[in-house]
Structures are given as structure tokens and as C-alpha cells.
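Below, in C-alpha cells: the form predicted alone, a single chain.
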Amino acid sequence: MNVLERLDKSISLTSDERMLFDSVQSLAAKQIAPRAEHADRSCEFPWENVRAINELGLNAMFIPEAYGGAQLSYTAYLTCVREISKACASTGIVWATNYHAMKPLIDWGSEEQKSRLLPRIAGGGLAALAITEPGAGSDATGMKTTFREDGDEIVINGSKTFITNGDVADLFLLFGKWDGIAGAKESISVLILEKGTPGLSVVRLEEKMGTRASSTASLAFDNCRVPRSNLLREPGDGLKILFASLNKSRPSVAAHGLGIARAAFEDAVNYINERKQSGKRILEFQGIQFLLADLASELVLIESWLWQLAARVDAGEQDFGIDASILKYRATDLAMRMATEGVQLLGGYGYCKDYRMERLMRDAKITQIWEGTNQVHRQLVGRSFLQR
């Protein structure tokens, strides 16, 4: 048993969660991974994978039982993100986005909202998180989408871009600015928008470098009307909801990146154990052993931090924003480095589509960008040491 296998065995899971983890590993290896190349080439949304995930009831693992779920630990959720993303990064994004978008509803929604909306997701529905706009990326305070109160309804006008699941989602967690509240921060509010709402349209789908089977949409809102009962908390509560939610989605992004890193590492190790140069296996050269040792040690340390942070979240800790930023940027930087080194270790084959390494390299890049660029996370971590 190598050090990574021992690390997996040490993850704190209940017996039921361990059984689910084993089932997800099997699903990922036998069904999801074999479809990944076709999905990447065709850019087809991975509906077969979504159906297979729903057959295991994975959406239910983060939904409380009162709303149709079968809630398990945050740690168990992250193990599933990593395994699915290791098999197919696109499918990993599609599924993890359900959590990213719906966790704020679970944490901040009213009983009426949760009873009405969450069973759709627990039953296998898809969700989208709509924050980014053409002129507002990492700085969400620059968003222009507006919410205007009109009797018992809220009228939405504006646009969003780079929205994962934007063309297929059943529910959207939508951020905008409340008309009548002054201040770029103070006016941010959040509501649930339902599929099929008149005035909601998909403007375009992006053609991307990587995660090509995960749909990324630009959306427009033209006098969309939703009941005021779909507003999360009160007008102006959006920013605190956003920050609290991102702290829990960023470890999920880290798990996604670590799934890609694991895939690249395992593929590289398998290749250099077989490939020979000058009569020796590539892994027998000392320089390659040193490189592999550095990659393995970084992977073990960052994954250990992931499981430590997950345990703290499961224990009810709330103040872990900086810890999540450290994890997010280190894990996703490693994903990019691991895939890049993997291409180099495979040589010419790493550059060709006959092996998945070049896809892993393309898939890894977005993890350094979404959920806050890694430059922003470094700034957050560095700024936390300013003496007041």
C-alpha cells in the first residue's frame, strides 16, 4: 500500500459513508471515466453520467432528510467530488455545482423555501450558481443585475456569464442588486430563480479549452418575475450569504482539482513504470524519482489539509475562510503542475489525445480561475497578516 492509498484509508468516514465512497469509486472507474474522452471531444453534456449519479442518489447526500435527502458528512461529499472529478473533470463540475448553488438555500432559506425547492434537487435536479457578469468577476460588488420589488413579485433585469449548468439547471441561485438600496455592497441580494421563468434566456454557450462537456452559459434576464417568497432572507443580505457560501464551496473546488491531480499522478506513475529509455525504466532514473517524490509529498500534504479542514467543518466550525483560500489555491496550483509534469513525463504521447494527460492539463487550468482566481486568494491570505 503506497502513501496515497494509506491516506485514503485514514479519511474519517462512517461505515455507510465508506460503502458509498466505494460505490462512487466503482461508478467513476467503470462508467464515468470510459465516457470522458467522448464527452471532451464532442462537448456533449454528460447526461448518462448525471443519470448514473442520480441512481446512486448522490444529490441527497447534502440535503437534510426533512427535505427529501439523506444527509451525510461534508467529508463524504468531498471524497465523492474528488473521485468523480478524477474520472471526468466535466462531470465533477456539473455535480459539485449542485452543492455550490444549493448549500446557501439549505443554510439560509426559510422552512417554506426549503420544503418547496430542495426536494427537486434531492430527487436529481440540477442547479446553477449565478454570480459572475461580463464586468464583474472576482469583485462581485461590480454586478449590474437588478432586483426591483413590485407588489408580491421581484422583477429581474440584467445578465450573467460563465454560469456552469446555466442551460440545464432546474434552479438558479441568483445574485443581484436591490433597487432602492444604496451602496455596491449593501444592495447585493440573492433569490432562487426557477427553470422556465418567462424572460430568462440562454444567450450563448462557451466553447472552452477544458471541461468541455460541462456547459458554461451566458444568461439574460428581461423583466423576469419571481415571487417575493423566493428571496433568500432580506434585501441586502446577499454579500454575507455569498461569503459564507464560498467558504464551503472552495474546499469543493480544491477536491475537484485534487481529483485531476490524482489522475495525472497515477497515469504518469503507470507510464514511467513501463516505459524504458537506455535499457532502464524511466522511474529508475534518480532525477525522475526526485520529481515524483516532490509531487507525491505535495499531494499528500494538500490532501491531508483538505481532510483536516473537512473535519473542522463537520464539527461545526465557522471561521475557516483563510484556511479555505490556502487550500483552494494550493490544491489547484498542484493540479496544474501535476498535469504539466505528467505531459512532460509522457513525452510526445503526453501531447497527443491517445492519452488523457493532455486533457487533464486542459481541465486543470480552470481550477486556478473559478471560485476566485488564485491571485485573489493569495491576496486574501497575505492581507490576513496585516496588523491592526
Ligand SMILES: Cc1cc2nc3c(=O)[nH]c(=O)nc-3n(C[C@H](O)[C@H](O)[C@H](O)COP(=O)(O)OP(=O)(O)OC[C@H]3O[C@@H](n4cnc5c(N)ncnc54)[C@H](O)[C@@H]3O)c2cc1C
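Since we're looking at a predicted model, the values are computed, not measured. Residues carry their position along the shown sequence, with the first being 1.
Omitted here: the form predicted in complex with this ligand. The next part is about that form.
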{"query": "Residue contact check: A213 to this ligand in the predicted complex, 4.5 Å heavy atom", "finding": "no"}
{"query": "Contact test in the predicted complex: N247 vs this ligand, heavy atoms, 4.5 Å", "finding": "no"}
{"query": "In the predicted complex, W370 touching this ligand (heavy atom, 4.5 Å)", "finding": "yes"}
{"query": "is_contact(V253, this ligand) in the predicted complex, heavy atom dist at most 4.5 Å", "finding": "no"}
{"query": "Proximity to this ligand in the predicted complex, single hit among A130, L105, V81, L306 (heavy atom within 4.5 Å)", "finding": "A130"}
{"query": "Of I163, A87, A310, L118, the one that lies within 4.5 Å of this ligand in the predicted complex (heavy atoms)", "finding": "I163"}
{"query": "In the predicted complex, segment of 218-226, 131-139, 72-80, 194-202 with a heavy atom within 4.5 Å of this ligand", "finding": "131-139"}
